[in-house]
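Presented as structure tokens, the chain that follows is alone, the form predicted on its own.
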Amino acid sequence: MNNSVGCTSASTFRLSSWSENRFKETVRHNLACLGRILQWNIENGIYFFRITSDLVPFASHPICSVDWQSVFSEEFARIGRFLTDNRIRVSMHPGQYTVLNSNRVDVVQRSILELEYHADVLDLINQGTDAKIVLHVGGVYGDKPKAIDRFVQTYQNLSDSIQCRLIIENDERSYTVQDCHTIYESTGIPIVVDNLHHEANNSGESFISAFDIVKETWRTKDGVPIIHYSSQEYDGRLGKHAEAIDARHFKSFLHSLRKYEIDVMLEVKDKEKSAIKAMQIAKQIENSS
């Protein structure tokens, strides 16, 4: 999201208000706004961006009978050319209801449809396999080993277009980096390490030690490793994202990773304001090296 460009690429509407015309108008608006955001990013030196999951509302819902992939193929292709020409990397991050290890078959089926939608978007913009779909492992359901087994079994039946893009992220309650690595050993799925989640839920290792573990899960075709960064909200529960990055903490964080080639995704509420601040800090570190 970007609060400076005067539009959102995540416009949606109520399911009860569904109509083909409204759907097409909304998608057309979202794609146009995405183009404006990407242009703003280039003008401000930002080359990594998370595309909203709401770009095509209700894309994975049974109500959507529109062949949106064909209807908007040229708009998607135009965005793809802009990304490629400007060497912008993108990712997507399905919401909390996309759960591959659920013990309910209907939830898993809906989750797979949602992942197919995300893979379609990244395919339509003609991005390589370094354009990733980030997913949390899911729930524990009283038996973590069985929940991990369900995740692995479901993953093995996913389409190639999903498998080549899917990456998993540690979370602040259930799945540590070590848990994610257990899944990697059975699937080869690259791991994203989130600094705040790791602080709240880990196996006793430092963040740098955790990153040393996960960086080995990334192959050349996956691109450079992705890290998620956010600052802890002051006086908030452990793991709660702050409104903006803490400049001092981010500088220390980035400095500790200066020897690595990485892409950093910020997870902050003030969006592009913190992104600009982060870029300034990164340049300071680069110039002092």
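Everything numeric here is computed off the predicted structure, so don't read it as measured data. From 1 onward, residues are counted along the sequence shown.
One more form of this protein exists, namely the form predicted in complex with the DNA; it is left out here, but the text below deals with it.
Enquirer: When the DNA is placed as it is in the model of the complex, which of 180-188, 99-107, 79-87, 125-133 ends up with heavy atoms within 4.5 Å of it?
Expert: That would be 99-107.
Enquirer: Whether Asp120 contacts the DNA in the model of the complex should be assessed with a 4.5 Å heavy atom distance threshold; does it?
Expert: No, Asp120 is distant from the partner.
Enquirer: So in the model of the complex, does any heavy atom of Asn41 sit within 4.5 Å of the DNA?
Expert: No, no contact at 4.5 Å.
Enquirer: In the model of the complex, does Phe58 come within 4.5 Å of the DNA, counting heavy atoms only?
Expert: Close contact exists here: in the model of the complex, Phe58 approaches the DNA to within 4.5 Å, heavy atoms only.
Enquirer: In the model of the complex, does Arg36 have a heavy atom within 4.5 Å of the DNA?
Expert: Flag for Arg36 set to no.
Enquirer: Quick one: of Arg258, Arg28, His241, His249, which gets a non-hydrogen atom within 4.5 angstroms of the DNA in the model of the complex?
Expert: Only one option qualifies, and that one is His241.
Enquirer: Of the options Val140, Val152, Val71, Ile208, which one has a non-hydrogen atom that comes within 4.5 Å of the DNA in the model of the complex?
Expert: In short, Val140.
Enquirer: For 3-30: residues with a non-hydrogen atom within 4.5 angstroms of the DNA in the model of the complex?
Expert: Thr8, Ala10, Ser11, Thr12, Phe13, Arg14, Leu15, Ser16, Ser17, Arg22 sit within 4.5 Å of the partner.
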